[in-house]
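Have a look below at one chain only, the form predicted on its own, in structure tokens format.
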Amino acid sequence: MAARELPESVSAEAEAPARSPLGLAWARLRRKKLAMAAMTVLAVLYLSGIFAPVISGVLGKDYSDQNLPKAQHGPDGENWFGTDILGRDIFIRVIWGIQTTVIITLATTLTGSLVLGVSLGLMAGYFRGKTDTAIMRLGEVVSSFPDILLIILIAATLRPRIVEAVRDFEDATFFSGLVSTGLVDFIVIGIALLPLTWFGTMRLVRGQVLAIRDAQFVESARATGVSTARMLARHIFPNVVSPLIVTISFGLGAIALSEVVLSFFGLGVQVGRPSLGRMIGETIGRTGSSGPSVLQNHPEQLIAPIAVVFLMIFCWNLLGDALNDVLNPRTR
């Protein structure tokens, strides 16, 4: 009896070399056109912020350069997004504002979601008992406050104290200009945004650890005398990476929005360094020489910063949905 021939697609898959889980996930993600488009937009935005000094140098402009005779000018060949009330180039200020958002977003994610959230989640899920209870009660107390109000309260309370501490450090050492560089702003916003990031990540990691801590492969590793640190790092943490990536991708948009809101209310990046939130707040709140607000006479000044904020949040949400489909076994 002749052997039954397999379809070409099945035989091609059988002959294809085995790929790692990361390679398979990337292959599935590439088939999602919306996700790839969102990644492209995010890459363009973030790279423009990272290389803002290079772009400013090429164009021969700085975010603080003023051209009062050309104030409130619309978009043209020299100023692609127009100028603000002081004649500063809006395009240059937007890319520097993106850099501010990138720095704060990455710093907050690394410290809050990854360092604090993951470490506390691993401890709570693995040790359980009093450790789990203490961490969960602390998180529940913090999360019981409205997020934005808690962030504003922390930022408003910490700023004067951190500014004073940094100035004392400058007086006691040979360092100078730390306050003017925006370092204090980054510290304040990073600390203020921690409540928004760590508890959700901790609770996710804790749930994943509780589900696998008594699995057979964990029991086998424990029986061979594997240390607790190695157990958490090599045997348990890799199993929580997939849902962690999805959660962080959703959270990055929320962190970016929170930074913009803080700067809008004057509690984020202070005068001197551009911020998307401060640009929006200045355009809405300022009044021109004739009386009406800048927003009434020149609403086009809001288009660029608002469009960037919208694209960041929208694209991170699209990418988060796609990653959830790719990495969640139930949706494959």
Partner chain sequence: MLTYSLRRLMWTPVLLVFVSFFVFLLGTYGPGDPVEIRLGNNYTPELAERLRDRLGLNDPFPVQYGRFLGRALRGDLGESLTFRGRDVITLIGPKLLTSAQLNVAGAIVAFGFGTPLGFYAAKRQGTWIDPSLVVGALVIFALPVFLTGPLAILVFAVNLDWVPVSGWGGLFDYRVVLPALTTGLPGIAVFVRLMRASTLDVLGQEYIQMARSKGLRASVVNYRHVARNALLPIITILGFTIAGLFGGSLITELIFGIPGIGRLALDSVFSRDYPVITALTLLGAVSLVVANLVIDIIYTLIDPRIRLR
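Please read these numbers as outputs of a predicted model, since none were measured by experiment. Positions refer to the first chain, counted from 1.
This protein has a second form, the form predicted together with its partner chain, left out of what is shown; the following refers to that one.
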Using a 4.5 Å heavy atom cut-off, which residue among Leu110, Ala156, Ala165, Leu210 comes into contact with its partner chain in the predicted complex? Ala156
Of Leu29, Met39, Ile50, Ile284, which residue is found within 4.5 angstroms of its partner chain in the predicted complex when only non-hydrogen atoms are counted? Ile284
Within 4.5 Å of its partner chain in the predicted complex, all of Ser144, Arg161 and Val309 (non-hydrogen atom): yes
Consider Arg137 of the chain shown here, and say whether it contacts its partner chain in the predicted complex, taking contact as heavy atoms within 4.5 Å. yes
In the predicted complex, is there a heavy atom of its partner chain that lies within 4.5 Å of any heavy atom of Phe265, even though the partner is absent here? yes
Taking its partner chain as it sits in the predicted complex, is Leu34 near enough to touch it, meaning that at least one heavy atom pair lies within 4.5 angstroms? yes
Can you check whether Ile313 is within 4.5 Å of its partner chain in the predicted complex, heavy atom basis? yes
Looking at 144-152, 212-220, 115-123, 101-109, which one sits within 4.5 Å of its partner chain in the predicted complex if you count heavy atoms only? 144-152
